[in-house]
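Okay, so here's just one chain, in structure tokens, the form predicted on its own.
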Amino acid sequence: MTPVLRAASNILVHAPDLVRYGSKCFREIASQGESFSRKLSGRIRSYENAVAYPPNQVFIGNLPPESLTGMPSPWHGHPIPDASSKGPFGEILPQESFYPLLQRADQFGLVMLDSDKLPLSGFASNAASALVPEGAPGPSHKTADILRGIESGESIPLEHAGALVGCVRRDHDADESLDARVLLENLAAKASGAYALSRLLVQEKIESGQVEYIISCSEEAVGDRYNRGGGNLAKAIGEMAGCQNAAGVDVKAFCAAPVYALIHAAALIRAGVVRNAVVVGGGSMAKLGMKAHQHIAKELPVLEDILGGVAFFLNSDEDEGPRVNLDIAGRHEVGRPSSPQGMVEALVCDPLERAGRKICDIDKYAVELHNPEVMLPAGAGDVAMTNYRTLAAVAVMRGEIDRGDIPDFIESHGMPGFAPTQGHIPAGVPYLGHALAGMRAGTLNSTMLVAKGSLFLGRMTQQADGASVVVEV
């Protein structure tokens, strides 16, 4: 059976009061105290500003990626007029609607919300309301009980618009894997992943019971002190989204995980193990505010106030649609160099050569699509542009284009970065919604997803990693 990509979903969650629990901000507050906390609060965006931010509008499908090229910069200074929180394949959820999803994701009494203090105005989408059927939080807790847990050190506070609305408690006093902040990270990944999956099912009118297999590519480490990162978040997300007939597993490969997960899902379908599969990735709370201190120093808004989420539905060839071509899947072998050129040769040139194709035969390359407006102020560079320049340089070396053609190659085969810096979320896959629209409209024939993973971050190897695959009509 030929694996077909039927649908893609990109979601965002505006989480301004969770930024303080991002790894970098949490450490800055611990070292600088309330002075950094006040600076952070002064640079946090409103939900309306987050919705109107041009890259976020691209992420949910209301604008094409190429539209960012002609927009005046900085993008945060030029909001989209009358921007909608809903797009063709995505939505942006406000924080007050996300907190009830966190409580819905919790089955162990870890999330305590005071519904009298949380100004719920209804959910932004059918996808969110499907996860909390009555559109309201679960059991309400009194402020005194919430404060008692915070003062004892057992809980961390949840705030909204300057008010205490709840808390998340630890579930073991001697297991750091069950610490309140770690549990909140995991619940945030679960809730945002379930939201992305629910959005996908609602969008495509797919019954949740039809889903057979779920692969999570999230960056959480669900486990306890005896099995850190054991998972299985995929099954937890499937349960929350009502996918009663689905099994699943987690795929871990740092930022390359989404492309690995797509390849694994497509291979299961091609082998006849399942007829359909979902790839889902929830947001990474640890990466909220990762570069906030540089943004604050340059008097910029804190743009890393967003959790990302993605979900993709793959079917067998009983449905028409773009196919995931496993004959053009790239991998970075242990013996290959981890240099930029070495990665391009392993992930792009080698699989294309096996299929008798050239670099220029692929219409669009979806690489690490980090938003440059987040990265550049922190001195991290324009990641997407760097990847496209390397790819173009390799095309020159292989005689496919002239050196003078590099700008045209980048413009025609690349795109500006537009994804939030959530690690795995920018890894090529946010383009799939746009690619599906282009392929259905007949304006795009092929795209190659190229993702890299920083394995050296785990201190087990100095190597990088990567995976690639072509989706085409």
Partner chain sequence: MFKDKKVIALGERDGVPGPLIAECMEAAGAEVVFQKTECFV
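Residue numbers count along the first chain shown, from 1. Here the structure is a predicted model, which is why all the values come from computation and not from measurement.
Unshown form predicted together with the partner chain; subsequent notes refer to it.
- Of the candidate stretches 196-204, 366-374, 79-87, 325-333, only 366-374 has residues with heavy atoms within 4.5 Å of the partner chain in the predicted bound form.
- Although the partner is absent here, Pro340 lies within 4.5 Å of the partner chain in the predicted bound form, judged by heavy atoms.
- Among heavy atoms of Pro416, none comes within 4.5 Å of the partner chain in the predicted bound form.
- Using a 4.5 angstroms limit between non-hydrogen atoms, His14 is distant from the partner chain in the predicted bound form.
- Taking non-hydrogen atoms only, Ile215 never approaches the partner chain to within 4.5 angstroms in the predicted bound form.
- The listed set Cys255, Ile269, Leu233, Leu113 contains one residue whose heavy atoms approach the partner chain in the predicted bound form to within 4.5 Å, identified as Cys255.
- Listed residues Ser140, Thr386, Thr143, Ser316 were compared with the partner chain in the predicted bound form; Thr386 is the one with a heavy atom within 4.5 Å.
- Residues of 291-307 that come within 4.5 Å of the partner chain in the predicted bound form, judged by any heavy atom, reduce to Lys291 alone.
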